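The chain below stands alone, shown as structure tokens; this is the form predicted on its own.
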């Protein structure tokens, strides 16, 4: 009976976190799906989103949710800059070249941010209160973050399937050479895709900053979760990433009920390996 009560207490929290995890994974899987590049700078970019919320709220007094707008714009622009400086020249090279390029960006961001901000924990002291749902307490910040994650997912879907640039992105994803023959400016579309992936990572970090303390290294854990979610939802399927995030959130809500919290990453990455072995394209496959 005690375990059931604990489960009902922790499960809603895990589900709400899962929505935000899904947004983080969308950025990673969008970049992979469009250009077959694994962005190893994903974690530090999530951390930069966290610091964006910190400085806008603590130093400038801007509401964290209003601050998502400048953070999203900055993330988009940063992604375009990273693409043209580090990724564009190796886009057609072997995967190791793009891995090294994005890993170099990862180390540069961490090095500069560590020098400027240290690795001491930062905290965004922001609360929207909470309410009781049975035996569980639902925090307002997590509920709002989940709603924003759903809106972001819907906006991404509409962008990809209802706008001209979105159709160009899907065309380049399916067949870049054929898209270029049809007049699609593939270089600009690839830059836009990388920018969107970076923007999603920054937005997820901005939301996570309202939950937990963080430093510049905090994004690494969420980058690893994004890989697990990407495999669950299908690498290249941004919408499936949201479902993968929910699956991971549910697991994080269930596992501590029956065993030590330290087992959570063990089971998550065990699931990661099993999915890779049994269904390499993910549970929902790649969305073209």
Partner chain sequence: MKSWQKHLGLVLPLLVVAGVVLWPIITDNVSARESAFTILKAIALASSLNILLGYTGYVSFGHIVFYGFGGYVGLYFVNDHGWSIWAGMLAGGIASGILAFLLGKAILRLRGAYFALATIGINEAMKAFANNFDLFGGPIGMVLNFSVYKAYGGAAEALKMTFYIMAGLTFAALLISHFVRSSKFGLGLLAIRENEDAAEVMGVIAPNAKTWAYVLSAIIPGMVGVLFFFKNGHVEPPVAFPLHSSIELLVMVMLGGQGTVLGPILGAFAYQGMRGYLVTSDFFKDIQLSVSGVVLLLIVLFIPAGAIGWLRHRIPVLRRVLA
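The shown structure was predicted, so the numbers you read here are calculated from the model rather than taken from an experiment. Residue numbers count along the first chain shown, from 1.
The form predicted together with its partner chain is left out here; the points below concern that form.
Peer 1: Have a look at 133, 73, 155, 108 for me and say which one sits with a heavy atom within 4.5 Å of its partner chain in the predicted bound form.
Peer 2: That would be 108.
Peer 1: Which residue among 174, 97, 119, 123 has a heavy atom within 4.5 angstroms of its partner chain in the predicted bound form?
Peer 2: Of 174, 97, 119, 123, the residue with a heavy atom within 4.5 Å of its partner chain in the predicted bound form is 97.
Peer 1: Under a 4.5 Å heavy atom criterion, is residue 112 part of the interface with its partner chain in the predicted bound form?
Peer 2: Yes.
Peer 1: I'd like to know whether residue 263 contacts its partner chain in the predicted bound form, with contact meaning heavy atoms within 4.5 angstroms.
Peer 2: Judged by the heavy-atom cut-off of 4.5 Å, residue 263 is in contact with its partner chain in the predicted bound form.
Peer 1: Are any of the heavy atoms in residue 89 no more than 4.5 Å from a heavy atom of its partner chain in the predicted bound form?
Peer 2: Contact check for residue 89: yes, within 4.5 Å of its partner chain in the predicted bound form.
Peer 1: So in the predicted bound form, does any heavy atom of residue 103 sit within 4.5 Å of its partner chain?
Peer 2: Answer yes; at least one heavy atom of residue 103 falls within 4.5 Å of its partner chain in the predicted bound form.
Peer 1: Please determine whether each residue of 40, 85 and 269 possesses a non-hydrogen atom within 4.5 angstroms of its partner chain in the predicted bound form.
Peer 2: Checking in the predicted bound form: 40, 85 and 269 are all within 4.5 Å of its partner chain.
Peer 1: Thinking of its partner chain in the predicted bound form, which stretch from 255-263, 65-73, 48-56, 240-248 has heavy atoms inside 4.5 Å of it?
Peer 2: Contact-bearing stretch, as computed: 255-263.
Peer 1: Who in 136-158 is close to its partner chain in the predicted bound form, meaning a heavy atom within 4.5 Å?
Peer 2: Residues within 4.5 Å: none in this stretch.
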